[in-house]
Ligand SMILES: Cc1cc2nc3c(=O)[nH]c(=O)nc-3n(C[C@H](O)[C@H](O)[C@H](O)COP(=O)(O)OP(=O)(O)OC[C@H]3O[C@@H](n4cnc5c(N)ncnc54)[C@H](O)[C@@H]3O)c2cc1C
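A single chain, nothing else alongside it, follows as structure tokens in the form predicted on its own.
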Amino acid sequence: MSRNAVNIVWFKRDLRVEDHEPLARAAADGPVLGLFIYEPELIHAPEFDSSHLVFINQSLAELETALGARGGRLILRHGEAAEVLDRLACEIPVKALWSHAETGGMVTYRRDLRVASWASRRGIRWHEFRQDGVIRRLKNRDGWAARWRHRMSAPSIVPPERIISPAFVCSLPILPCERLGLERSKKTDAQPGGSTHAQETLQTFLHRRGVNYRAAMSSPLTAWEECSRLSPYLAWGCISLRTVYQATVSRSAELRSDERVGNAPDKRWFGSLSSFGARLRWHCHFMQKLEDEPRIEFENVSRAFDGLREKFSRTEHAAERFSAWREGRTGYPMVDACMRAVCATGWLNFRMRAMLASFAAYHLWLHWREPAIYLARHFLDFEPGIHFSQFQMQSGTTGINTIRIYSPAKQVSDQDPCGLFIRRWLPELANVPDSWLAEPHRMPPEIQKRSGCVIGKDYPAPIVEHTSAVAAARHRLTLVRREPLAKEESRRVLNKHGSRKRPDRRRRIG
């Protein structure tokens, strides 16, 4: 091995220098070259959107600056990962490959197998490290939470002060959407990428915006400001989960200290930070499911539900329902407003995401896979392990979770009673009186004309009738759950993926 051999740090969904173990270890071992690859199979995957690329590019620009300030370099290449690495190894002597391990979709899994094969053929060691609480080759969930907490409590990795990088290796510029065959992003209100924005978002949440988090997280009105809004930065690795966890623990301790000396902090902080901390654990809990069983990206968690929706989802009737759902014209204002909001901004709070998935699965009786891919493309914070696990949970195909069917009308009265959120995204309902906003199709004709919203013309009638659609869905699911295979699968799924807490099997309409 040449003394001038270079360590390649492969950046993927870890676009930062802080708390970055591969970078720190590689820099301590010799010269380092940072590498990011624009991979066509990822960029043109059905779950990728041009808004993702905009966020990535913003993050890359900041990462390039951060490495440069330490004497390092980030080079950008385009192509299949193993082929790019092979060409790079022909340009410079490569000592080792360093990266974070991923729990991604099947595309990245197969990509990593090809990279591992390449490294083996070349005699190049590939060092992988975890940046989350997911455990590879986990035998069972016993003790998982303690192991998660241990990882999150370990000292953060200090970034290297000085990086030595070869200056002669060529690099592409940051590639915009047009250069990669993508349409320009239409999400003009999406969050910007980069570690600086991630850190600012964390600090404003922990010190100002998050005080009412527990109460505010459910409404699309208040959640926009009072949820953490850290999910895109965690998904693309602009900040590490450990950094967020430790900052949350530190802030809780600070508030407790203030309380002990009589400074009387706002009591809402304690419940809000506790709820937020629980969601940080859930983050990895759901990712662990995909790590343990990669097929759930494509197949029902419980095989007892195979065939439940597949036949209907292939019909023209289902295609019409799916089009109405994704275009925000179902005739249910909260559903339509949420869909239009996420398509414009790339973000939506958890309860409203759950409602969109639930509506597609129960009211429209659509198989979860196609709606999940559509929203994956529009969520700026798309994280495969969380996304597919959650979508199946909200669609009733896990066999172990509560059947949660949301009433869109009730969500209006509970979460947006004055219609501020709905009117923002559905201007055709701007003059509809508050009392009719949850179900505008029930307005008498004279009120429809007076409000400038004639149902069937200015705004669609409901695509399905709520009560009968819910009753039919519940009946079908109940029949499946009574079958011996469903009970057997439930035990298997609980043993493999359960959180080790007693499952809540109550059925409810929220």
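The first residue of the sequence shown is number 1, and the count goes up from there. Not measured: the values here are computed from a predicted model.
Keep in mind that the form predicted in complex with the ligand is not shown, yet the notes after this line are about it.
Engineer: Heavy atoms within 4.5 Å of the ligand in the predicted complex: does residue 297 have any?
Structural biologist: It does not: once the ligand is placed as it appears in the predicted complex, residue 297 has no heavy atom within 4.5 Å of it.
Engineer: Residue 283 versus the ligand, in the predicted complex: is there a non-hydrogen atom within 4.5 Å?
Structural biologist: Although the ligand is absent here, residue 283 would touch it in the predicted complex, with heavy atoms inside 4.5 Å.
Engineer: Any chance residue 109 has a heavy atom within 4.5 Å of the ligand in the predicted complex?
Structural biologist: Contact with the ligand, no.
Engineer: Answer with yes or no whether residue 350 is in contact with the ligand in the predicted complex, where contact means some heavy atom within 4.5 Å.
Structural biologist: Yes - in the predicted complex, heavy atoms of residue 350 and the ligand come within 4.5 Å of each other.
Engineer: Which pick from 429, 337, 230, 81 sits with a heavy atom within 4.5 Å of the ligand in the predicted complex?
Structural biologist: By the 4.5 Å heavy-atom cutoff, the listed residue in contact is 230.
Engineer: Looking at 252, 345, 390, 212 here, can you tell me which has any non-hydrogen atom within 4.5 angstroms of the ligand in the predicted complex?
Structural biologist: Exactly one listed residue reaches within 4.5 Å, namely 390.
Engineer: Check for me whether the ligand, as it appears in the predicted complex, comes within 4.5 angstroms of all of 354, 379 and 382 - heavy atoms only.
Structural biologist: Yes: 354, 379 and 382 each sit within 4.5 Å of the ligand in the predicted complex.
Engineer: Only one of 230-238, 360-368, 166-174, 397-405 gets a heavy atom within 4.5 Å of the ligand in the predicted complex; which is it?
Structural biologist: Of the options given, it is 230-238.
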